[in-house]
Ligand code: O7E
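Just one chain follows, in the form predicted on its own, and it is written as structure tokens.
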Amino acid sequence: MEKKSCMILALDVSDREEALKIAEDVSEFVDAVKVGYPLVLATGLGIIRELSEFAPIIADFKVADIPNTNHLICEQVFEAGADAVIVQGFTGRDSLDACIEVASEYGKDVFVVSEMSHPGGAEFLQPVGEAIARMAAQAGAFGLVAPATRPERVKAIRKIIGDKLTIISPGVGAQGGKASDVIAAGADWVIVGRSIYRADSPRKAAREIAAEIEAGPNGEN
């Protein structure tokens, strides 16, 4: 995944035509589109290949099962045309290894959730987030998911993994995270959803956030 704007669109809509229009409108300003259960359950796995015309696709299925089931899920994800998949790390090394093995066969990437961005994400995941980050690095994952709503946690995880893994960071906009702050804390990409797809002009909203990232936290870059 090429890093240009440092922004990923979380496309959590459930209408096919709306999803395709938004993806096309903002494609100039995002490096990837993240799709999850709302859109895929409403429209089918085929939406992944349709959206891939506009940007690389990250399948946010937070895969969390035994190794064999993880293996089967990841096969379907990559056969559908996704460029990367998001998986949970709390299921352990063997389950993660199964995902990475399939990704390697397809030449694709795996992102591992270290911590989630909502308030409840600090209850159970945060205490083990750093251990998950270390495991992901040892297993050869491509990147981690860390919360834009808590830039200090992004900074802590970046310190642990160094430059071994990339960090994608959800929670910008509607959840309260600021894009430029989390990039400065060590994230490679921010993930933005509602602030773009619910905007009157998704294209304008994406352009403004991209400009904020480029300017930096002090607006000086």
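Given the structure is predicted, the values throughout are model-derived calculations rather than measurements. Throughout, we count residues from 1 along the sequence that is shown.
Here the subject shifts to the form predicted together with the named molecule, a form of this protein not shown in this document.
Screening 157-165, 23-31, 54-62, 41-49 for residues having heavy atoms within 4.5 Å of the named molecule in the predicted bound form returns a single hit, 54-62. Distance criterion of 4.5 Å from any heavy atom to the named molecule in the predicted bound form singles out Val145 from the list Val145, Ala103, Ala136, Val77.
In terms of contact with the named molecule in the predicted bound form, the residue from Ala141, Ile86, Ala98, Ile132 that brings a heavy atom within 4.5 Å is Ile86. In the predicted bound form, no heavy atom of Val110 sits within 4.5 Å of the named molecule.
In the predicted bound form, at least one heavy atom of Gly193 sits within 4.5 Å of the named molecule. Contact between Gln175 and the named molecule in the predicted bound form is found at the 4.5 Å heavy atom cutoff. When the named molecule is considered in the predicted bound form, Thr91 lies well away from it, no heavy atom lying within 4.5 Å. Contacts to the named molecule in the predicted bound form (heavy atom within 4.5 Å) from stretch 99-132: Val113, Glu115, Met116, Ser117.
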